[in-house]
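So this first bit is one chain, no partners, the form predicted on its own, shown in structure tokens.
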């Protein structure tokens, strides 16, 4: 399987870097392949310990360093960028660090699991990253999530599960999904839809988040 097919990487060019969050370490082969194939990996704080436990050395460790082990702090001090400000989380610090290196196409893994509030926050931040001019997608053990604005067309396969989360749309319509979407007022309303062909499209006037299951 080609990793960077449209249904799994929703942008026109492959990612330039990978961020490993400090959630659950992935077990599905797709996020694991992303880690394996990545040329540049940034760990969010304590996720460095998890990556090193899988015999992969990150290029950079970013965060307030409150969860990374003292052993890793000492051994890999030359690749640690400690950022103590608390206005953003470690995932956003990693994104901003990559943007400062002019890396705008970013895959994020390990952003979900463990604490539910962190999971919701990390997913919601996709909209903010989209406004920064990035191409960013979060890969979980179940699918890929990414933020969109306005009308978009997506590749799919028949019966592939799709969820749409409205953020700021007053107009929200679809073509190619089993159930017609509308300007949802709650996130649960857009879950568990299905594509019935090889593509689907969304007509929107604002921000929304798409999850495409593997």
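Numbering follows the first chain given and starts at 1. Note that the structure is predicted; figures quoted are calculated from it, not measured.
The same protein also has a form predicted in complex with another copy of the chain, omitted here; what follows describes it.
- Residue contact check for residue 191: one or more of its heavy atoms lie within 4.5 Å of another copy of the chain in the model of the complex.
- With a 4.5 Å cutoff on heavy atoms, residue 186 counts as touching another copy of the chain in the model of the complex.
- Another copy of the chain in the model of the complex comes within 4.5 Å of a heavy atom belonging to residue 116.
- Using a 4.5 angstroms threshold between heavy atoms, residue 77 stays clear of another copy of the chain in the model of the complex.
- No member of the trio 25, 32 and 133 reaches another copy of the chain in the model of the complex with any non-hydrogen atom inside 4.5 Å.
- Taking another copy of the chain as positioned in the model of the complex, the residues of 112 to 136 that bring a heavy atom within 4.5 Å of it are, in sequence order, 112, 113, 114, 115, 116, 117, 118, 119, 120, 121, 123, 124, 125, 127, 128.
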